[in-house]
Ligand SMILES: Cc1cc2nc3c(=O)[nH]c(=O)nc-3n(C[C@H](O)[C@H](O)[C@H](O)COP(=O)(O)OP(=O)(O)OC[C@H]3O[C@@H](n4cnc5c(N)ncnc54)[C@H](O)[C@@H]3O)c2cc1C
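A single chain comes next, written as structure tokens; it is the form predicted on its own.
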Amino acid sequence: MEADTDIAIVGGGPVGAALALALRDSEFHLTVLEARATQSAGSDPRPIALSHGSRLLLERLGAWADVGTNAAATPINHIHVSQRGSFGRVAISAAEADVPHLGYVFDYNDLFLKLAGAAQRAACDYRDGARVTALTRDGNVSRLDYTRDGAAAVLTARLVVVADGGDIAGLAPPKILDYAQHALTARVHTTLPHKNVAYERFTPDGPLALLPFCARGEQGDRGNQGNEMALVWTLTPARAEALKDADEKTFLDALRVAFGARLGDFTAVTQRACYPLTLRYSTSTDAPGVITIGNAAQTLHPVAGQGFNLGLRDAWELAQILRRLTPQALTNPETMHETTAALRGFVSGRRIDRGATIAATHGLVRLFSNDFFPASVARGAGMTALGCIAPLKNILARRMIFGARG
């Protein structure tokens, strides 16, 4: 059976777009199916953190100049980790990790639009507003049923890479763990400048992150004098919804209690939103002709901001595997076993990085989301020791920046 395209990428968000960019000068014909309409994407108030390692990958893809310059990319030079109501802290700096910046904070919508635009300009067929509903396999070719502009459509492909897309009929369902928590996101203003410091404060409800943030149009180290922060606050669902809808004074009073006075006073809040938090990850080997990466392979808790960075490494590593193949090798019966082995090698090769990152974020949530006295003392002692032992702290920092390697 002939295919309409060599590789279909389901999900043209940051991870799917990065894969398209990584394959743009290859032999493959690429088609991207993205559910959102880029011309009317609206706003997404969520902040997203990129590590310095992710910046290096985007530079290799030729995308950083556009993303880092034209979107509000606020550098993170220091990370301060603490727990409310107890001792112990860890301070990590870019200088100690021997990198120019530990990471960067973006408005998710800016990042999505910039990378989607770069993918649209690349040599691929980028179809936005295309929502995939079903995936079936016919011999050596996969069939994708999707809707676009209210009409049903079909695309056949030699290989399908699912980078996003939620529930698709025919795709093995992921394992889902409900944290019984919501993330409350917002922009808050402070009386003291953030000086490019990101804060992660653990509370009994869950982690509270305050990330340095520049308003659109501000760039680079101009954020040093900034007084705007991106907030990601993990709470019980009922409290998150109540604070999302509360008056400004009630919200800011609650935030002062949870975070303290390290940034002076909180003076204003805008762009409040909340969404449920779950851990979703694939538990089965990918089906023949289908590979999952990014959020389709694993959706993480936002603690430590590792989700997109892990997905970007997925896209980069998969591109390196695919570039060793030819379009014909994807469906040629004589070489299919070699192609299957190569794709299984990708899954196997990503197991350590994926597993370690999932375990680390899940462990942090479970370890710190309580206020029991013995546990808080043990956490404080551990954080104090980690903060004092430079080699261990630097190993942690580089793991966050570059991921886990086998």
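Residue numbers run from 1 along the displayed sequence. Since the structure is predicted, the reported quantities are computational estimates derived from the model, not experimental observations.
The form predicted together with this ligand is left out here; the points below concern that form.
- Taken together, Val90, Pro207 and Gln271 are entirely out of contact with this ligand in the predicted bound form: none brings a heavy atom within 4.5 Å.
- Among Phe202, Phe266, Phe259, Phe308, the residue placing a heavy atom within 4.5 Å of this ligand in the predicted bound form is Phe308.
- Checking Ala49, Val67, Val365, Leu343 for any heavy atom within 4.5 Å of this ligand in the predicted bound form turns up a single hit: Ala49.
- Shown alone here, Pro302 lies within 4.5 Å of this ligand in the predicted bound form, counting heavy atoms only.
- This ligand is not shown here, but in the predicted bound form it comes within 4.5 Å of a heavy atom of Arg36.
- Put simply, Thr185 is close to this ligand in the predicted bound form: some heavy atom of it is within 4.5 Å.
- Interface membership of Val161, defined by any non-hydrogen atom within 4.5 Å of this ligand in the predicted bound form, is ruled out.
- Stretch 131-139 is the contacting one of 251-259, 131-139, 95-103, 316-324, since its residues have non-hydrogen atoms within 4.5 Å of this ligand in the predicted bound form.
- With contact defined as any non-hydrogen atom lying within 4.5 angstroms of this ligand in the predicted bound form, the contacting residues in 6-34 are Val10, Gly11, Gly12, Gly13, Pro14, Val15, Gly16, Leu33, Glu34, given in sequence order.
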